[in-house]
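One chain comes next, on its own, written as structure tokens: the form predicted alone.
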């Protein structure tokens, strides 16, 4: 039994039998192409590959470290993606070092108002590396596409024969410590300072780590001075990263800083449609719209949902319809909506419709107030676990029958008025994205 099989056997003991049989059982370890610091596994399709990447790579990496004593990066990919790279041996070695995901490209990145500036910036840099904007600093929340954009540029430049290194701050730190212990810092410095393009994820984890900040500063200066391209990502603007040396902060800000916001509803729908197309999952327009409006803006979560729907439908041999989708996602939605409160919903509706929150909860009967109150009640019922009597008390209504009457009116409007339905979907998206 090779080390890859041993690791998967250990993983089986830490996860449920259903998870193992559905996702892990058919993983194949490539002992020939794996190295001392890189473990390559093949999944049977893109959906399973994406699901394992989002859920299990850290566990697998940890189990490798337990068994070998060394930190190992884990690559989950499809066999044809590795085999199709018919490049020379030196280039293959560079590819292994860079750990780029070949499926990350500009063509399959969905562009919208929330990410247009970041997309245009990184695309320009991929065409003229080291000359336009250096460094590029992309920041935003989890799962919004920062790594996808960064690696899309890396794939373009690597295909041009450039030496590209992609890593996270954690991997950079582990690499630094390992070389420091082995007294091989020259090799570490040569690796990171002689590349053409350096891509580093999660730069916020440099915070309060003085030793690694010192080393990173010198790496940064060497690359910048040589006209080599640097692209960094973080969860916040450089100004807001506490524990970061001022000289690093100023250099990050000296380049071009671009943010990525949660996608608006139209972009989220386009992302889901694209993921369905890529992974050969057939969903109706109603189901796609439902998923887009009820989940948050994490693209990885979208991939996980599609994988979950596909797996469930295959296991129990049923077609995916709206009722099936709602049932499968029920527990996940309850978990996502734990932070959504009645006050949050009323504030969101009041802001969108330019009506005071207190007026929405008042007994006012003007047309605008009734419209806003009905929307707020509907969203409170849909997005929280509150009962109709609880909602009646919150909105100052006589009893639950008034809530029931309001919900009936809203459902009729949504059925007959497409503009009203879109308004409800937009508000749902804003509330679930901000919670």
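Everything numeric here is computed off the predicted structure, so don't read it as measured data. Numbering follows the first chain given and starts at 1.
What follows is about the form predicted in complex with adenosine-5'-diphosphate, which we do not show.
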item: Options 147-155, 238-246, 210-218, 283-291; stretch whose heavy atom lies within 4.5 Å of adenosine-5'-diphosphate in the predicted complex; value: 147-155
item: 4.5 Å heavy atom contact, residue 312 and adenosine-5'-diphosphate in the predicted complex; value: no
item: Contact test in the predicted complex: residue 143 vs adenosine-5'-diphosphate, heavy atoms, 4.5 Å; value: yes
item: Contact flag, residue 115 vs adenosine-5'-diphosphate in the predicted complex, heavy atom cut 4.5 Å; value: yes
item: Non-hydrogen atom contact residue 131 with adenosine-5'-diphosphate in the predicted complex at 4.5 angstroms; value: no
item: Sole residue of 71, 179, 104, 191 within 4.5 Å of adenosine-5'-diphosphate in the predicted complex, by heavy atom; value: 104
item: Of 327, 159, 358, 108, the one that lies within 4.5 Å of adenosine-5'-diphosphate in the predicted complex (heavy atoms); value: 108
item: Candidate site 265, 426 and 430: all three near adenosine-5'-diphosphate in the predicted complex by heavy atom within 4.5 Å; value: no
item: Neighbours of adenosine-5'-diphosphate in the predicted complex among 258-282 [non-hydrogen atom within 4.5 angstroms]; value: 271, 275
